[in-house]
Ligand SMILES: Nc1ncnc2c1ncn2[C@@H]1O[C@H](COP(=O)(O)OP(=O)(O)O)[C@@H](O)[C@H]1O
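Below you'll find only one chain, the form predicted alone, shown as structure tokens.
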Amino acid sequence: MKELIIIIRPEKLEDVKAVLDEVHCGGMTLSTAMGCGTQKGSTEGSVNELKGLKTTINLLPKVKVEVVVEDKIVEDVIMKIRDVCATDHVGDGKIFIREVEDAIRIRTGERGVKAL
């Protein structure tokens, strides 16, 4: 099993949810996030004072989607998410992949893929 950590533009969330529903991923966890990478964020009018220090906030809103999927569908999920999220502009997001050793459904005690 693999955990996919998908960081996307907020306006792409419904598209990603549709992809995950289509591949029957079983469930997802969503978090709002702020971040910057190559895009560097927008700094216009965003100078703030934090604990007496002037700081420039250059973070952009993102959504973090976490899912665990079977190994056999990882590449399919990645390609479908890229298809719906890619705008060919900096800031489209990233997908991180981690190995998942085991999963346990608390209610029933099912383990592994059955717990997804």
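Just count from 1 along the sequence shown to find any residue number. All figures in this text were calculated on a predicted structure; none of them were measured in a lab.
In what follows, reference is made to the form predicted together with this ligand, a form of this protein that is not presented.
Using a 4.5 Å cut-off to this ligand in the model of the complex, not one of K2, K72 and V113 places a heavy atom inside that distance. The contact residue chosen from A86, M79, C36, L30 relative to this ligand in the model of the complex is C36, the criterion being a non-hydrogen atom within 4.5 angstroms.
Contact check for E14: every heavy atom lies farther than 4.5 Å from this ligand in the model of the complex.
Mapping the unseen interface onto this chain, K94 counts among the residues with a heavy atom inside 4.5 Å of this ligand in the model of the complex. For the partner-free chain shown, just I7 of 1 to 30 comes within 4.5 angstroms of this ligand in the model of the complex, judged by any non-hydrogen atom.
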